[in-house]
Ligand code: PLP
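Only one chain is shown below, in structure tokens, and it's the form predicted alone.
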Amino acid sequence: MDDIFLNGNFIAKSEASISIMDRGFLFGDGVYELIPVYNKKPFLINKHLARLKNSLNMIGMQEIDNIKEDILKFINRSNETNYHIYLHITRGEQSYRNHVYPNDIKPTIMIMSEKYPCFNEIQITAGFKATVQNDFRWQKSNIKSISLLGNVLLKKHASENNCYESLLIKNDLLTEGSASNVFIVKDKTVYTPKLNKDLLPGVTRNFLIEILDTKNISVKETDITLNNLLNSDEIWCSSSTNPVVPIIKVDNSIIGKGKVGEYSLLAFKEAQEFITSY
């Protein structure tokens, strides 16, 4: 859909504008959510909006009234059936540039649709490469902030090195990918980094934990060292755009047998089955 929803009104994307004094433009002062839409239904919308509320609270902003209704209105207006909702909320416009913001500032709210490339089963079964990078982002990565310069640079580095993702290490511990959460498998046990301020509480991450539990596969949330990562039997990344992306090589290290493993394939197939029937 060419129209976006901006501050309560539908408007053509090509005609939409915000003030140069918007704090999102000047400071990257805001948060966002990415919500998949399958068969014209928003996927796990309540969990996405709960995370949005948490992000808003952590930067001192109030919950946005009627945001769920506005998203559903946007979806009903669209002729598309499968895409992603991009929800972007900044602290709003200020008459002068100042790090300190007034308490009564009105937020800028934007909703638009995006289509991201989704990997097919042939690509998934072939597997992908990743690279390890130092996690140099700010220290509150649990906030889904629009200030994504660190993530942008890390994702670009991966792309330029023919990798799907940069896997981030801080103090010898895995945090997440530049745009994904990370799972590993070792000796038939699935692990993922435990939640803290250094990584985003991924909605898809939690969805996979729940869906694997239905198959009697428990996921242990724990510290994962760089050595644990490189010596794992399987690795996969998860995000709202691609729930399961298996990694078979990290830099010069072959992961496991160098091919996509059974747990990665199981997670992919269970996720796809759930989404298809959603």
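Residue positions are given as counts along the sequence shown, with the first one as 1. Here the structure is a predicted model, which is why all the values come from computation and not from measurement.
One more form of this protein, predicted in complex with this ligand, exists but is not displayed; see below.
Of the stretches 126-134, 108-116, 154-162, 180-188, only 180-188 has residues with a heavy atom within 4.5 Å of this ligand in the predicted bound form. Among Thr192, Thr204, Thr90, Ser166, the residue placing a heavy atom within 4.5 Å of this ligand in the predicted bound form is Thr204. Contact with this ligand in the predicted bound form holds for none of Phe43, His84 and Gln272, as no heavy atom of theirs lies within 4.5 Å. Looking at Ser239, you'd find a heavy atom of it within 4.5 angstroms of this ligand in the predicted bound form. In the predicted bound form, this ligand lies farther than 4.5 Å from every heavy atom of Ile71. Of the heavy atoms in Arg51, some are within 4.5 Å of this ligand in the predicted bound form.
In the predicted bound form, Ile75 stays away from this ligand, with no heavy atom inside 4.5 Å. Residue Tyr32 is the only one in 15-35 with at least one heavy atom within 4.5 Å of this ligand in the predicted bound form.
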